[in-house]
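The chain below stands alone and is given as structure tokens, in the form predicted on its own.
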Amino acid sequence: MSELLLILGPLGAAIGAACWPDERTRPWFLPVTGLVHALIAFGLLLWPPATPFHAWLGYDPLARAVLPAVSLLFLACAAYGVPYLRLRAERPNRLFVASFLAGLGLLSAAHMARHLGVLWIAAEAVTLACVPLLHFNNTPRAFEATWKYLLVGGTGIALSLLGSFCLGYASLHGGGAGDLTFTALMAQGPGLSRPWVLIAWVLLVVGYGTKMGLAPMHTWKPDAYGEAPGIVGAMLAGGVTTVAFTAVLRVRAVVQAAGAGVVADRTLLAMGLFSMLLAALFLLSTRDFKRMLAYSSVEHMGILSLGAALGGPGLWAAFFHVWNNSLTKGALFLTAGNLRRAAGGRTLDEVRGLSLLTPRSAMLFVAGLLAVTACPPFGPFFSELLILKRALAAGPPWVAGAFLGCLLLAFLGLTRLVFAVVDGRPPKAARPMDPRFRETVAILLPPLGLLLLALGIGLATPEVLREAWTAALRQLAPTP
């Protein structure tokens, strides 16, 4: 039952934070809760339960493979959140802290959901919990981005609900009892109505693909990531998108059991490559380094989809890439928040010479660039190399060629913008640096820690993680 604490602990802490009277000490709920959550998540990674504690909810192999990465990301963001909220003392933090903590509990519930309905409810609740976080800056552009997130994300959630109904009907039409647990749906497999399964797959992959930010359903990402605080962008890019990806994987397993796995894989392959190509083209033209991170996230969601489409070793590499994406995106978003506060802007017209204004943060930002573009020996290099090897072994040669071409274009776009804002001298027309901002250890250590972990996981991937990813692969594609 300790896995239940991963959900109830953060939700209880959110209620406590909402009732806490002191604005100055309330942010400490974040790192304390994050530390406890990480200890439980990694304890269950090392000593997983023999069986999930309930048919609808439990710490199954798929949750074990990805949830500790989200917990680790939250812990780094929570540690960063204390000095960040102290710097933003002009804004009340009650709703921010409570929503951030509630988001962790709901993310945990969504990862551990083993029932189609529970998954949808948790995913919808995560969407709602993120709304106050996106609007924290309380600017007209933040308001617009929040509404776009709600409208586009709400449309995706509505489509996924309709797809859930279709998958339930596929079970009833095939003589099932209407059991919507993923275990029962996979067991019914060939008995599911194939036409209804395919309709459900289209609706569900579009619905949860919207939450992932796969193209062309990615339109909420540039505005949301661009206007949200860096700490919020980190959790969106490394936490919320991961939930949507695991939802797609659970549904894909049912579709595969129903005998339509080829259709599902081709869908993910097309969406993955299209997302990578579209993101790379936008990266070549954008002048905003926070929107740059949004398009980079679209690219990496495409990489995850491509890995899942290739099956077997490709899916195993996708789990590896989930960890790398969470660690590197967390470091980049937190560091981008430092640069944004220091420079007073985020476009090439406003920002240059950050190596002079914030030398340590600029150094971390460049290191994050090297990590996210898969430069060795950072973790993304190894996970993307495994996906490339799988593409060469299992798919037609053009898939591997397209994959490499998109990676090259994205690399050119990212390096073009990052080195432009870091190099040179600050423009004379730049807004003055926030006088309260200082490059302290408290704001540098969290992104540095994430980058070191991304380096370590690439150089020496722990055996327990390899075993967890293998167990998740067996759960999603059991051998007959």
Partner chain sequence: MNQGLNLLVGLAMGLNLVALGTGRLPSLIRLAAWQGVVLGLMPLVIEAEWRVMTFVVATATVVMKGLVIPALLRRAMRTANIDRDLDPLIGYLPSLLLGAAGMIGAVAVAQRMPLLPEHHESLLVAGALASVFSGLLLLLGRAKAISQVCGYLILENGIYLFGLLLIHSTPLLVEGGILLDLTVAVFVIGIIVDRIQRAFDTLDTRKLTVLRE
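Positions refer to the first chain, counted from 1. These numbers come from a predicted model, not from an experiment. We call the rigid core whatever largest set of C-alpha positions still superposes within 1.5 Å between the two forms.
We do not show the form predicted together with its partner chain, though everything after this point is about it.
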Indicate whether V366 is a 4.5 Å heavy atom neighbour of its partner chain in the model of the complex.
no
Even though the partner isn't displayed, in the model of the complex is A145 close enough to its partner chain, meaning a heavy atom within 4.5 Å?
yes
Answer with yes or no whether F419 is in contact with its partner chain in the model of the complex, where contact means some heavy atom within 4.5 Å.
no
Is K389 one of the residues lying within 4.5 Å of its partner chain in the model of the complex, judged by heavy atom distances?
no
With the partner removed from view, which of 307-315, 380-388, 205-213, 150-158 is the stretch that lies within 4.5 Å of its partner chain in the model of the complex, judged by heavy atom distances?
150-158
One residue of P359, G191, G117, P376 in contact with its partner chain, assessed in the model of the complex (non-hydrogen atom, 4.5 angstroms)
G117
Checked L162, L404, A187, A394 for heavy atoms within 4.5 Å of its partner chain in the model of the complex; positive is L162
Go through 166-199 residue by residue and record those having a heavy atom within 4.5 Å of its partner chain in the model of the complex; state none if no residue qualifies.
C166, G168, Y169, L172, H173, G178, L180, S193, P195, W196, I199
So, superposing on the core, is the move of R416 at the CA at least 2 angstroms between this form and the one not shown?
no
Direction of Cα pair change T33-H54 in the model of the complex, magnitude 3 angstroms or more:
farther
One pair moves by 3 angstroms or more in the model of the complex: the C-alpha atoms of G168 and H54, which are closer
